[in-house]
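Consider the single chain below, provided in structure tokens and representing the form predicted on its own.
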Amino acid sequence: MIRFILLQNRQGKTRLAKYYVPLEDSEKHKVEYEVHRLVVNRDSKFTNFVEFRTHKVIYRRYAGLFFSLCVDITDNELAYLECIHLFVEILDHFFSNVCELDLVFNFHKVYLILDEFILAGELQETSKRAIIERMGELEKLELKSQAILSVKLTCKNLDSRSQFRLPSPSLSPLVAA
């Protein structure tokens, strides 16, 4: 089972954190600090698996970001390493050449992508095509709801203007004179 997922830059700033086990906020900050210190200082010639407390951290570095998963000690490391790679591929496809700023400004979409293939700390979907198709469907629904909302707002604005319309002045007294 996945305990948590962290995306951190080289400076230690956490860009995404998803916890599948309950932790206090102070404990979350402590875990993020410890995991960052653990993976950043690790030499690249070592494996991407490291023991962390009573669990394992599986991590991978892509450009300036570290993708880290904390899993049970008995779980398959290679499966989770592939999970990280799948997540990065989907992000890259969805944002077309993903960068750190995409994660910062579109965090809600990143969480949505993550929720499409990991549910309650377990891998649910491993097909890139299926996940991308679902994300496409969600994008279509979002566009439809935005269009409906803009039509409702436009109608509401038109109604509010008609309620406060002032009567036009009559020109008849000027014409009679």
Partner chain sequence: MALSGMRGLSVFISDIRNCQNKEQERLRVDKELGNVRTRFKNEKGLTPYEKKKYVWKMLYIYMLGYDVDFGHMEAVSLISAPKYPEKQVALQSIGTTNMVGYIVTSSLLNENHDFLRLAINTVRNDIIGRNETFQCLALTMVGNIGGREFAESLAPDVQKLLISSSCRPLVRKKAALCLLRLFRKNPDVVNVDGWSDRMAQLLDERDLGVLTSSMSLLVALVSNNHEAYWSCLPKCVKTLERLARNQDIPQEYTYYGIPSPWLQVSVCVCVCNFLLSVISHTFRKRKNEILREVKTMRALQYFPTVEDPNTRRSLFEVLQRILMGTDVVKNVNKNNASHAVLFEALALVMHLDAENEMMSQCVALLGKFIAVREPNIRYLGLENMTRMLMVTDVHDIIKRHQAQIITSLKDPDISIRRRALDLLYGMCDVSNAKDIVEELLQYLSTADFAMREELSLKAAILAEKFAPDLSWYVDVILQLIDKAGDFVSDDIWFRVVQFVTNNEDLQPYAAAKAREYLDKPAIHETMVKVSAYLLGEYSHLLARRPGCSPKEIFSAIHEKLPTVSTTTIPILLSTYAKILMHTQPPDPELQKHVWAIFSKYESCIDVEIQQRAIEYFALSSKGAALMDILAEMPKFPERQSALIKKAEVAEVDTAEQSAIKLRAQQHMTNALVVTDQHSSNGTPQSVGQLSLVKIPSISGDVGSSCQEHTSADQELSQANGTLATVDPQPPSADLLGDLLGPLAIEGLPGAAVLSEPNAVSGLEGVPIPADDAAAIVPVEKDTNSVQPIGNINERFYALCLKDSGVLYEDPNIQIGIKAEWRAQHGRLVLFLGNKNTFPLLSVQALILPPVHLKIELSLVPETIPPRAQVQCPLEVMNLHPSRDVAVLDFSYKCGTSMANVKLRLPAVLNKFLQPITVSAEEFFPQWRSLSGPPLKLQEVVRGVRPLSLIDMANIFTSFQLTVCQGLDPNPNNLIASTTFYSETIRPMLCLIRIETDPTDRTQLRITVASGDPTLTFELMEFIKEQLAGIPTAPRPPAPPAAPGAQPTNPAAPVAQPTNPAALTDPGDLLAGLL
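Numbering follows the first chain given and starts at 1. Computed from a predicted structure; not experimentally measured.
What comes next is about the form predicted together with the partner chain, which is not displayed.
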query: Is it true that H85, K109 and L123 each have at least one non-hydrogen atom within 4.5 Å of the partner chain in the predicted bound form?
result: yes
message: Just checking whether T54 would be counted as a contact of the partner chain in the predicted bound form - the rule being heavy atoms within 4.5 angstroms.
response: yes
- prompt: With the cut-off set at 4.5 Å between non-hydrogen atoms, does V39 touch the partner chain in the predicted bound form?
  reply: no
- request: Please check if N76 has a heavy atom lying within 4.5 Å of any heavy atom of the partner chain in the predicted bound form.
  value: yes
field: 4.5 Å heavy atom contact, L65 to the partner chain in the predicted bound form
entry: no
- line: Taking the partner chain in the predicted bound form and a 4.5 Å non-hydrogen atom cutoff, the residues of 34-68 making contact are R42, K45, F46, T47, N48, F49, V50, E51, R53, T54, H55, K56, R60
